[in-house]
Structure formats: structure tokens, C-alpha cells
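Coming up are structure 1 and structure 2: the same protein chain in two forms, each one given alone as C-alpha cells.
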Structure 1
């Protein structure tokens, strides 16, 4: 796939599958997407949709029994099946990832400053002295208050928000071209969430870095993303510009997600329309459209034939009866 845009990351037909004693799990099924330099793509979906698995595959961090197929190229270089050493060099340098719970990625017994410095020593051949000085700068860029004092603190001495800033400092240490943020603010207060998101946005702009922002919150996506991909049962069901998806969604799932979210700016007497049933389980593959058991308008075709992603109104939609041109189809 060659395009005029300079894509930092191209994912093509990515699938992740596990064989377990209870049967096969198709965690990710045939996902393709591109992220350009300086662009943010929001990746949304409910628990189990395959958001983390897709990007852990890109990072080469899946469990050993994962079966991966497809391609993932970082600035043209194939990542899937690449030499583990080369991949390790890329990770933490050109390609970085932060997670929901920074506590699990930070070493508990090492002071914060040394954890940041270590990345620089390993990837940039700096001396420890240089690296510690640089660590201070990185913490300041991550808007850590009292940065000099924080260098000598342990992770447990910091608040959740501060720890996430430290993770951002570590991720940015080697100037990555691509940052993957997996639910970076889900465990935080809305106030701290807004601070972290605006920090990520600023850093992205300043560095021309690409950002994949994984979240289940469409409000988070609205503040940051240029593009959005909605995942359901391991597949992309809709992708396109953030404006198109949030203002005029074509897929019934995207529309239903928006209607089921209580909004602080919407009239309270508007009913909250819950989506019935359960979020998908990749352990139980669904015939036809994976969303059909929960779809308000699912005629019989949806139960037998899986809709392919196709271009509609400038977005990619996997639905037999997308909302914009579905007026006749919906009134069944």
C-alpha cells in the first residue's frame, strides 16, 4: 500500500489467534489501518474487542503461544516476525508504548530518575551522568511538578497521574516516531485525565509524533484523535475521520455506543438507550455480522453473511445496512 501520505505505521490484514484447551480464540481478525506522522488515531471498542492484542502484536509483545498473521510496517520496516534483537532496539526507541497501569511497567525498587536514565544509557549510549541530566529535562517536559525531587523518588511515592507522566517521560526518552497509548487515563480522575491528554497532544504536535490512543471512551477520542477505528469482536467495524464517526456514524454499533453514553452536555430527559446483550467474546465466533445479536436492525442477511469493510461517505464501514443509506432497509 503506497500513498501520498507519509505513513509511520501501516498495519495490513493483522490477525492474532490463540489455540486454548477451550478452543480457538480469534483475538484480532484481519485488521488494516494506517497512521501518518503527527496524526492521532483513536482505537475504541469494549472489553475484549482486541484493541490491546492488535497493538501488542505490533510491539512484538504477545504471549509466546499467539499465532500472528499479516503485516505491520514501521516506516516501511516489517515488524512482525522481525529478529527479536532488532525489535528490542526499535522498542523504546522509534516505537514506544504506555499502559493503563504504570505500576506494572515501572520497577518498584528503582528510583524514577534512574528508570528514565536507563533507557538513554541503553538506547543512546549516554553516560549515566548525562542520562540523569536528560531525565530531569524529560520529567519537566512531561509537566511533572517538582521534577528534581521526583528523580530520587520511588514509583509508590507518586500519585497515579504522576506515575503516568513518568511513563510518558520514559516513552519519549528516545524520541519515538510512534507512540502507542493503551488506556493511558482509564484509571485516573477526569481532571488528571484531561491534563495527561492535553500533554500527549502537545508533545505530539511538538515532535510530529504519531499516536495510537486506545480507549473505550468516545469523549477521550473527541479531544485528541484525527482518525478513529471502532473495533468489535476483533474486527474494525467502522473507521474514518473523528468528525464523521462521532457526528454521523454509519455503523449501528458506533451509533449505539454514542447513544448509550450519558453525556454531561445532553438534556437529561433524553432516554439512555442501552445496547442489549453482552460485549463480544472471541471464544464464541458469531456467524454473519458479529454485531447482529445486539443490532436493532438486523434482517436475516446479517445472521448469515459477514459484511466486508467498504467505503461509504468517506468512511470504512462493515455493515450490510449502514445508517446513512439505510432508511428503507431499517423499516423492516
Structure 2
């Protein structure tokens, strides 16, 4: 890997494995990513693809039975295997994460203002008075309406969109260099989704912050990300610039994801094309390409030989027979 782009986060050969009473579970297998300052990378795939597990490993938040291998460096500082106290100091200060469900991430019995202020007291050594004043500014930056009143409200008194804005305010309280957003708009209606994504984009550009956006929605990636990595069965199957990958996907899985998306420019009567079959179980590794049981054109080589990531026209693709000029591309 190279740090020529002022990479904020470098993940190299990351693997996550669980030992369970029912056998080993390989959640993430040999993932490598780089995220530069002021850049957003979209991490895409179906449920169970390993998206969240990879970044929970980076955060040091995996279950005790997880076995992690590889490297994850935040501005050159190794995170995997780091001293728990040092890692705890980094979380919230330089490395922050927004989780999918703000209602379960926020403490239900503490008012919103105190939850934001606590981060500043712990990481910035502010007094509670200073921290509460700063909490108000953070809510305003997160475009929370009537921010002064929201400070004294409990999470259940806020809408889903407001709760997500509070989570953003907490995550950004200490001006982190790296933000991980795990499905930040999944439970929100379309108009609120657009507002949250616009807010994240503005904050990322203003602060020069790196952003990893974990999502199953390629439409969200098209509107926010600079780079994209597509995961399948714990592995990256394709990665590259958003513009190139969504206009001309090379891996059949990426193309299938695009075909399964609703599109504004599609005819009204055009049906969505579902991806047949199911992702493989992480307990039962598949020989060859993990996507071959669901691939419409999988020659015999695909059933026996696992394809490695290789660079093709500026992108990386793990496919023996990459596609070209895909008809399933998104119009950007």
C-alpha cells in the first residue's frame, strides 16, 4: 500500500473469524482498503457480506470470540491489537462511528444535550458548562431545528431523522479525522435520507474528514461516495471510482446489484430483476468463486479456482471473466 494520497485509514489483508460451537465462521476474508482525507468510500453488499464486521474490527468492537488478522492503521497508527485504553481514547476523538439504529445507540434515560456533552468532557476535558454550550453548537451544525429545546429532550421525544442528527453531532463532537457511517439512512423516509446524506457530504468537505459509508444501496453511494468497494461473502469482488464502477461494472455481482435497483429512468412496467439464490454460508466456504452458484455465466473454471483481485482499466475486479459495457449501469 501507498500513503501518497495522505491516507487517513489503511486496511490491509483484514480477516475476521469466529469460533463457535457449530464451527468456524469466516466473516471477513483478506480485505484491503485505503481512505484519504476528504474522501468518501462506499462499502456495498447484501446483508452478511462482512461490511459492518470489517469496520467493527477497525473500531475494536467485535465480540470476544472474534479472531482478527491483518492491519488497520489510522494515520499510520496500528489499531488492531492496540492497547484497549489507547484505542478507547482514539474512539470518539479521532475515530467515530454512526450506527444503524440511533434509538438503540442513544441512552434512553439521558437527555440529548448531556449525551453530546459527555463526549466533550471525556475527550476534551471541558467543564460540563462549556460542553453543554458546545453541544448546542453541534446540534445547530447538524441542522437540528429548535436546537436549544432539543438539548433537554430524551431520545424517544425525537423523530428518527432528529435522532440520527444527534448521533452525527455526537460523532463529530471531537472533530474526528475518520467517520464510519453504518447504514445511516436505512430506517428513514426518502426526503429525510436525502437531508442526512447532504449533511454528511457538507460536513465531510468542510472538515476534510474521511468517511466510510456502509450501505446496501448503490443509489446512496452514487450520490455521496468517491470510491466504492463491493463485498460478497466477506471478500471484495470489485472496487474503484464510483463513476467508473457504476457506469460500467465489471463483476457480475455488481451488475446484478445494479439491475435489482429501482431506477427513475426505467419504464414504468419494467420489472426489477432479483438476484437468484442466496449468499453462501460463512460456515461452509465454497470452492472457486463464491458467486458462481448465483452467476448466470459461470464456466467450469469458476467452480474450482477462486479469482484474485486484479487491476483492470483502473479498477480492481475478482472475476475470471469480467464484463464490459454493462447495460445495467447507473446514469450519474
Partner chain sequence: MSGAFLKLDALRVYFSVSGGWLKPARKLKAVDGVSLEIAPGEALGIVGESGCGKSTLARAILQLVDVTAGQVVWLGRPIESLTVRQMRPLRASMQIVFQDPLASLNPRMTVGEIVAEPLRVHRADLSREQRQTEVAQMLERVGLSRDQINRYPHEFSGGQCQRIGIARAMILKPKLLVCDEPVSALDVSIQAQIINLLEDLKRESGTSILFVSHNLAVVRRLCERVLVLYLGKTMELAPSAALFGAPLHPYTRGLLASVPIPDPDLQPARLETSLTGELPSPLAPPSGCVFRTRCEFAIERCTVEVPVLEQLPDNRQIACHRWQELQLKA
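Residue numbers count along the first chain shown, from 1. We call the rigid core whatever largest set of C-alpha positions still superposes within 1.5 Å between the two forms. All values derive from a computational prediction rather than experimental measurement.
The form predicted alone corresponds to structure 2, not structure 1.
We note a C-alpha movement of 2.9 Å at residue 272 between structures 1 and 2, with the rigid core held in register.
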